[in-house]
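A single chain comes next, written as structure tokens; it is the form predicted alone.
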């Protein structure tokens, strides 16, 4: 195709799917937090980085392997999110979105700066679990087992989150609590607790993405800072219309980025931002977003 070797094309498509997995999981967490709580969570990238570091701590300090970290690290990051929401964000309820953005942006700088002072800018290695080493020769390309696992697991988590929020009674209560908290309280539902747990769940998704990323990208204090601007661009392009929009847009833009590396490598680092600029010019609310 256009003189491009088939193996190179499919390799970049795989890379795009992997990047899309992280874009989808992080933008999904942002969509859950903003859609349910109206908080622009700029600390999302720092909490993604913390998920990777918690996995690294669990391995090197306590001997907990990758599979244990896959469960424990999101719980730790989610618990930190609960503390942040209870002690800081709850005080901004009812204020303009800008206050939440500034607070979470400051938190991101504090968290990233603290880790960078201790560990520097270099990456800490995190090994692929033995069960997922190696790969499969598909004839037209070599498929590493771990990267295939990341794509499948991320998609499963994203779809499970969409189902829980859109198709279950718990999700209906969450949506109702954000739209009309006074009425929901009248039914005996603890709205502040639901809001806190929703924020904790949103940042736990970021922590989970950090664990998945650790064996691929190493564990670095600025790994979240490198990614969060792209993830916010993904959210802007798709708009805040629904949970499914975040998932589809994340994977689609990851693939688009991968294809750009094949056909025009010089533009691969800016293609998402170019798409964002074009979308904002044509439809400021995003492709599937709802106008305010």
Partner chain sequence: MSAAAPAAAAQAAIAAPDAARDFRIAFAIMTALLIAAPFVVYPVFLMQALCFALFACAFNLLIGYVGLLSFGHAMFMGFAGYIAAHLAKVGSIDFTLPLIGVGPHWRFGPLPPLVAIAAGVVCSALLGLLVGALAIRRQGIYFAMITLALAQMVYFFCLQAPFTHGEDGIQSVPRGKLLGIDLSVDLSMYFFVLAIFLTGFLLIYRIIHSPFGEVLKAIRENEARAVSLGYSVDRYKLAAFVLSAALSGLAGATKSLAMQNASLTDVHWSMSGEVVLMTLIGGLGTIFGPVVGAFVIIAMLQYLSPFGQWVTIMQGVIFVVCVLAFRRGVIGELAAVWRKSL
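Because the structure is predicted, anything quoted here is derived from the model rather than measured. Residue numbers count along the first chain shown, from 1.
Keep in mind that the form predicted in complex with its partner chain is missing from the display, and what follows is about it.
Note that among 51-59, 66-74, 33-41, 246-254, the stretch whose heavy atoms approach its partner chain to within 4.5 Å in the predicted bound form is 33-41. Proximity to its partner chain in the predicted bound form, taken as a non-hydrogen atom within 4.5 angstroms, holds for one residue of 113, 171, 181, 192, which is 113. Site annotation in the predicted bound form: the residue of 102, 164, 155, 176 reaching within 4.5 Å of its partner chain with a heavy atom is 102.
Site residues 91, 107 and 229 are all in contact with its partner chain in the predicted bound form, judged by any heavy atom within 4.5 Å. Its partner chain in the predicted bound form comes within 4.5 Å of no heavy atom belonging to residue 13. At the 4.5 Å threshold, heavy atoms of residue 276 reach its partner chain in the predicted bound form. Contact annotation: residue 160 falls outside 4.5 Å of its partner chain in the predicted bound form, judged by heavy atom distances.
The shortest heavy atom separation between residue 233 and its partner chain in the predicted bound form is within 4.5 Å.
Of all the residues from 249-280, those having a non-hydrogen atom no more than 4.5 Å from its partner chain in the predicted bound form are 264, 266, 269, 270, 273, 274, 276, 277, 280.
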